[in-house]
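Form predicted alone, single chain, as structure tokens, below.
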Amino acid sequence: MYAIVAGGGKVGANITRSLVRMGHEVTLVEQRRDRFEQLEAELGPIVLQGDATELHVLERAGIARPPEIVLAVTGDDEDNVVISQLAKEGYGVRKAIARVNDPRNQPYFDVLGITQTVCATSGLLGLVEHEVPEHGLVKLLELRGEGLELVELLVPPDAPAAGKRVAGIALPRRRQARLGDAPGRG
């Protein structure tokens, strides 16, 4: 497999090392000169210096081949959006994974069709919610594209739903709001 990794910080460098150990062909693009020199000394000619948001840099990295995957893991969300979009829309790369540094930026990735994202902050918060659930609900999985969440709820042994399958529980019907409905009456 051929991969391009954009961003040579801790995340990008570790991903590159792992992919190389697994026998994959990788090009790592790093913008900062000092970091590039460190990585080049360690990893050799697979490291390319440049700004991965620039077309000529991506082309030097081999994006026109195209790679099987592009990983946009810089420390800048705007750069990760641009790199992912260039890869997918401009060069037909089928798989692009983007790092989301600030979870408040996730909706921008979603609206632009960058659905394969990783956000360490959201992941850690999910673990916190799992360990210390608020209202007894634990979010297990979010399917953003479908607008669905899979949640876990602890049912007390004396609850009417205890011991029953979900299909056998009578849930209240959710009334769809209509235009003209008064607030608070739906």
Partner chain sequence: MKAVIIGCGRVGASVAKQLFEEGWDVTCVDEDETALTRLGDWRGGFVIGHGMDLEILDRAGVAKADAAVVATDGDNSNIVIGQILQRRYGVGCVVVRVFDPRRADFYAQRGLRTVCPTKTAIATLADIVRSCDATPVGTPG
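Since this is a predicted model, take the numbers as computed values, not measurements. Positions refer to the first chain, counted from 1.
One more form of this protein, predicted together with the partner chain, exists but is not displayed; see below.
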- Message: Looking at Glu68, Glu37, Asp51, Glu149 here, can you tell me which has any non-hydrogen atom within 4.5 angstroms of the partner chain in the predicted complex?
- Response: Asp51
- Of the options Val118, Val155, Ile46, Leu55, which one has a non-hydrogen atom that comes within 4.5 Å of the partner chain in the predicted complex? Leu55
- Would you please decide whether Gly75 lies within 4.5 angstroms of the partner chain in the predicted complex, comparing each non-hydrogen atom pair? no
- Task: With heavy atoms only and a cut-off of 4.5 Å, decide whether Val82 touches the partner chain in the predicted complex.
- Result: yes
- Message: Taking any heavy atom pair closer than or equal to 4.5 Å as contact, tell me whether Glu59 reaches the partner chain in the predicted complex.
- Response: yes
- So, in the predicted complex, is Leu86 in contact with the partner chain at a 4.5 angstroms heavy atom limit? yes
- Query: Out of 10-47, which residues reach within 4.5 Å of the partner chain in the predicted complex, heavy atoms considered?
  - Reply: none
